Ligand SMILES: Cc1ncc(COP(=O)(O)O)c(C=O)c1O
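Next up: just one chain, as C-alpha cells, the form predicted on its own.
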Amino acid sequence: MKLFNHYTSNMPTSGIQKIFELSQGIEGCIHLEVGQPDFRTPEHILDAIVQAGKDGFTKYTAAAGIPELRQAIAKKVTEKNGFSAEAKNVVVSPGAVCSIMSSLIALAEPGDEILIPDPAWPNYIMQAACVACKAVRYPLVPSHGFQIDFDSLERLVTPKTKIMIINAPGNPTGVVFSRETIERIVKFVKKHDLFLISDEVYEEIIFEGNHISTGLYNDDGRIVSIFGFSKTYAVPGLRLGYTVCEEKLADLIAKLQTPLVSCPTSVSQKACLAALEGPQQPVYDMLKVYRERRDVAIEILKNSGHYLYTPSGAFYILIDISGTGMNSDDFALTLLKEKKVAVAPGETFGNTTSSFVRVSFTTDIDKLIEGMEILCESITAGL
C-alpha cells in the first residue's frame, strides 16, 4: 500500500486540543486552556441567525461571500482599520483559519520557506505542512516582552523564503505591536521581497496602546490582512473570517475556496452582517471584563512572585514554570490530573516557550482567581 502524504503525516498536533480533550472527563475542572470567548452571543446576532433560517437563507452563496457582507467589511476596514478597501478586495471564509489556509495555498509553492513566530498559534505550523512548505521560526524574546528579534530574523532569510506570518495582538503572548514595529516589519518584507500574512483576529481586544493594521502600508499588494468575527463578537461556532488583499489575489483566493469549502456558511454571513451593522456596545462590555480578568491575574502573579510581563491585548498570558524543572507538557498534564486546572503547554507554541504555560482569560473571574492561585502555588511548590 502507498504511504500517506509525508508532510501532513508528520504534522504536529495541537497541545491545546490535547489538554482540552483530556479535561472533558474531569468533573470540576477549571478551564484556562482554550481561547474561546465565554460570553453569550449578543442578542441582535442571535436574532439574525433565526431570521435567516426563517427566511430560507440556507442555500449556497458566492464563493467569496454575499455582496452586502463584503461591502460592509470593506466599509469597516476603511473606517476602522484606516486603509482603503472595496468589496472586490474582500473574501469571506468559514473562519479566519480558512482565510489563512487559502491565502497560503494561493501564495506558496512546495518547498518554500515560511517565517512563523516562536511562540505562535500552533495551527500556523500545521498549515505550512499542508502546503508542503518549511516552517522557519523567528524568535519573540521573553526578556524583551515577546517582541521580534529583528537581528535574528534577518539571519533566517534564504532564497527560498517566500512568506512571513505575524499575529498582533498575539496568541499566546497578548503582545500588541507598536506602529514603529509594524513599519519595521513592512520594511523587512519589502527588502526581502516577501509576502506578509497579518493575522489580526484579536484587533478589538486591546487594553493599552492601539491596534495598527499592516494594511495601512499595503502599497504594492504584498500584504494579506486576516480578520475574524469569533473573538470580537463571541461567535466562534459561526466560523466566519475574512481576507483583505489586492484584487487579483482576492480573486484567486475566492476561486480556491470552491474546491476547499464551496462557500462560507449562508446563515453565518447574515449573522455577521448584523454584527457589523448592529450595536457595538457588547464588544466594549466584553473588553471591559477581559481587562478586569487580566488585571486580577496580574495581581495574583505579582503577589506570588511569578510576574514577568503584562499583556496589552488578546486574552492570554504566558507564565514561566522553569523553576519547577519540568517541561510544559508534563507540567500541564500533572496540573490537570492532580489539581483539576487546565492550562495550555508552552511547547505547543514553540521552543521559546517550552518552559511556559498559557492561561486564557475566557472564564468567569471567580474560576480564574481559583485557577490562577492553584497554578501559582503549584509553580512555587514545584508541583
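Given the structure is predicted, the values throughout are model-derived calculations rather than measurements. A residue's number is simply how far along the shown sequence it sits, counting from 1.
The protein also exists as the form predicted together with the ligand; that form is not presented, and the subsequent description refers to it.
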item: Site test, L115, F150 and R222 vs the ligand in the model of the complex, non-hydrogen atom cutoff 4.5 Å; value: no
item: Distance check, Y202 to the ligand in the model of the complex, heavy atom within 4.5 Å; value: yes
item: Distance check, G95 to the ligand in the model of the complex, heavy atom within 4.5 Å; value: yes
item: Interface membership of Y124, the ligand in the model of the complex, 4.5 Å heavy atom rule; value: yes
item: is_contact(N81, the ligand) in the model of the complex, heavy atom dist at most 4.5 Å; value: no
item: Segment assignment from 166-174, 271-279, 250-258, 211-219: heavy atom within 4.5 Å of the ligand in the model of the complex; value: 166-174
item: Partner-contacting position among L140, L240, I197, V90 - heavy atom within 4.5 Å of the ligand in the model of the complex; value: L240
item: The ligand: the contacting residue among S102, S312, S230, T265 in the model of the complex [heavy atom, 4.5 Å]; value: S230
